[in-house]
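Below you'll find only one chain, the form predicted alone, shown as structure tokens.
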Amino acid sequence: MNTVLSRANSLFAFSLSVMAALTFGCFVTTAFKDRRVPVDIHVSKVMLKNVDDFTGPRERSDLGFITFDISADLEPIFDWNVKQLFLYLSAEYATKSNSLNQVVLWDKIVLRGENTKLSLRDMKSKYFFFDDGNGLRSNKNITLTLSWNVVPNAGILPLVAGSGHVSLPFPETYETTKSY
């Protein structure tokens, strides 16, 4: 006959199967939702320096500094299945040596229940905007894009690019001042 342990095992396995099915059902309710929102990015200052690169041979590399404004309403992204958003501003550009360069300049985590109206003014890059050479000087097409990862309660982690980006040229000359 069935022992107590065998019945407990059956009950546990059935409960686990039901919970897995419910979790999958919850995931399906938000899996196909469009999580893009309009983003407004404005760049107010661009500065370029040529600095020593200590990672390799004694060469100099380009270091860019950007001051930017970002505004977006992230409220439509949040629903019952979103724990947080990981926002990041990235720069994409092409050089002679690389057809695609991607650099993350800034990031922020927005938790559920926090202010979802993003209105940031005169923000500076959080991370260095280094190029492994001189690919930033006179580059006419550097594109800034705000993207985010949606961290759900159940399901996959979608990577979403905001609908709105800005392309900007970098200066042809290097700055010689000490401050930014």
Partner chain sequence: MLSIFKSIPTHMDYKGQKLAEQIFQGIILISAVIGFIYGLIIQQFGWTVYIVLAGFAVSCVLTLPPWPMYRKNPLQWQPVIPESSGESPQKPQEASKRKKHK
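Residue numbers count along the first chain shown, from 1. Here the structure is a predicted model, which means the values were calculated and not measured.
Form predicted together with its partner chain: not shown, discussed below.
Only one of 57 to 65, 137 to 145, 23 to 31, 38 to 46 places residue heavy atoms within 4.5 angstroms of its partner chain in the predicted complex, namely 23 to 31. Asn153 is the sole member of Asn149, Asn50, Asn153, Ser125 with a non-hydrogen atom lying within 4.5 angstroms of its partner chain in the predicted complex. For the chain shown alone, Thr3 is a contact residue for its partner chain in the predicted complex, at least one non-hydrogen atom being within 4.5 angstroms. In the predicted complex, Leu157 stays away from its partner chain, with no heavy atom inside 4.5 Å. The closest heavy atom approach of Ser10 to its partner chain in the predicted complex falls within 4.5 Å. Within this chain, Ser15 lines the site of its partner chain in the predicted complex, having a heavy atom no more than 4.5 Å away. Within 4.5 Å of its partner chain in the predicted complex, a heavy atom is found for all three of Met19, Asp79 and Arg112.
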